[in-house]
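Here's a solo chain for you in structure tokens, the form predicted alone.
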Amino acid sequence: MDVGFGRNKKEQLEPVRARVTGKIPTWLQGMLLRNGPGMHTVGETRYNHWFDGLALLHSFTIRDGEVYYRSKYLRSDTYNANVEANRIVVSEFGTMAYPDPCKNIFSKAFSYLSHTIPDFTDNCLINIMKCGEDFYATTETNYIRKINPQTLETLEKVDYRKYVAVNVATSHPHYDAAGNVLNMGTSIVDKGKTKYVIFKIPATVPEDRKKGKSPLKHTEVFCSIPSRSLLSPSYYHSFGFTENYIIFLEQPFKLDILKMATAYIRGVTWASCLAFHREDKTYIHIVDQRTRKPMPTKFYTDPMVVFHHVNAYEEDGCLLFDVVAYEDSSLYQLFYLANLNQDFEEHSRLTSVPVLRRFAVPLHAAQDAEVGSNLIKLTSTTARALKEKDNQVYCQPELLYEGLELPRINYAHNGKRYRYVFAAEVQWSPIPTKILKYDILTKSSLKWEEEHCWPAEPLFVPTPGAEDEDDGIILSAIVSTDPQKPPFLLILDAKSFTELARASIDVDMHLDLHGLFIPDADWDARKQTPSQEAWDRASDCHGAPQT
């Protein structure tokens, strides 16, 4: 599907004024900042996987009922090295590259030791993270890149390893009420141990405020969980969070460290070192934030692959958490560029549909309960936790909804009881065709769809002073497979799911992955938005918006 995947996208360095139809709520002032792969060929070379593409940042600045768009490639070290060589010289997860194409097997053997635990790419293409007053493009390696939200300029490169011993880290951190960042990473064979490390970055450091220093240097290890296998740690993309607990799923989708250590010399990708072990269990680790220690009870469930946690909360002595789960790892396989042809929509079928599953974990497992008894007494869910011998509990989920991905919630309810999930509906194909609002309480849903439209992750922005959980709007960047239809920013009323407005842009917009909305109230809009002269230039060049 060349329109969505294979073709490199052009940057839009100067702001473009969108054509707005409908009416944007007057209170909606700020910037939608998004990230995703935009370049898949460099010179005569081509990435193997869509998730390997070079990061392309883009933003929608919403100001007084108008929308301005711009995009820019992340000037990572990876980007610069590739462009300078006019070919791919930095390896990505699904593409192994060699800086010197003339290297023979002996020189490869000599240098492969440096790739045993590789120095990963800084092609930060997955998400945007807010850390103190700064914003970072993130991926799943140990590197993040600071960016300027206004200009999309790439700033300094940050190595998590300077602050915490992790080789990889997630792109889905959590933010507590004070704005502190909580994230997870894996420490591979560090001092003879492989462990999952939960770390915390403070929102601000008072003594450094005047010096303008980043709070990253005050990163602390919150807790660590030993890997069940020294040489085969679990892959994970996100984790769960409540006021008192952290939920980590150690799933049987594992990275073989020994295979990874020889991948470079064997000329195979790191992705080939990932395997789903369907005979294994998924282990549920619950960390008590007050003691900073995992609960001793061994909770587990059936083998599954989870990329996205939705939300979690505590209720009557139980911990409930919702995830989008697959029965295998077929999703990753479908996005190899060799599979992304003209018949992709019709012929690429997931072997496992993503299902919204609710799990319930008893926080105080009854020692005197009978083996085989259900430890969950809640009436709000059919999820069960069955007591077994040897302090083990088998968790059986409630199946809430089939066929959704890229879930978002009203983040004011993160870690708390909530009702609504906003997501892309995907069913058996990995391509989203609808935006979905799912009501967990009534098990009902509302949908938005339009022919030839592929919606991105729907992001919820609350109405100022809102009391209802769904009082706000949904933002989603929409690309079209119809060349006659320009891409647009869709603005939905989150309560009714009716369209309020759309902002169409005559640009080469890419499919993105994740991002965030920055309200003007959260930053100095005067300093962080383009000057009035820049807006005027955009208006002069591209005409007044249509209403």
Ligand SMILES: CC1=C(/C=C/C(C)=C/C=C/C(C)=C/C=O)C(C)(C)CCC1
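Residue positions are given as counts along the sequence shown, with the first one as 1. Everything numeric here is computed off the predicted structure, so don't read it as measured data.
The following text describes the form predicted together with the ligand, which does not appear among the structures shown.
Taking the partner from elsewhere, residue 126 is found to have a heavy atom lying within 4.5 Å of the ligand in the predicted complex. Under a 4.5 angstroms non-hydrogen atom cutoff, the ligand in the predicted complex has residue 331 among its neighbouring residues. None of the heavy atoms of residue 311 is located within 4.5 Å of the ligand in the predicted complex. Contact between residue 92 and the ligand in the predicted complex is found at the 4.5 Å heavy atom cutoff. Of the stretches 136-144, 296-304, 413-421, 158-166, only 136-144 has residues with a heavy atom within 4.5 Å of the ligand in the predicted complex. Candidate site formed by 121, 235 and 513: every one of these residues places a non-hydrogen atom within 4.5 angstroms of the ligand in the predicted complex.
None of 225, 337, 260, 473 but one reaches within 4.5 angstroms of the ligand in the predicted complex through a heavy atom, and that residue is 260. Proximity to the ligand in the predicted complex, defined as a heavy atom within 4.5 Å, holds among 270, 283, 73, 454 only for 270.
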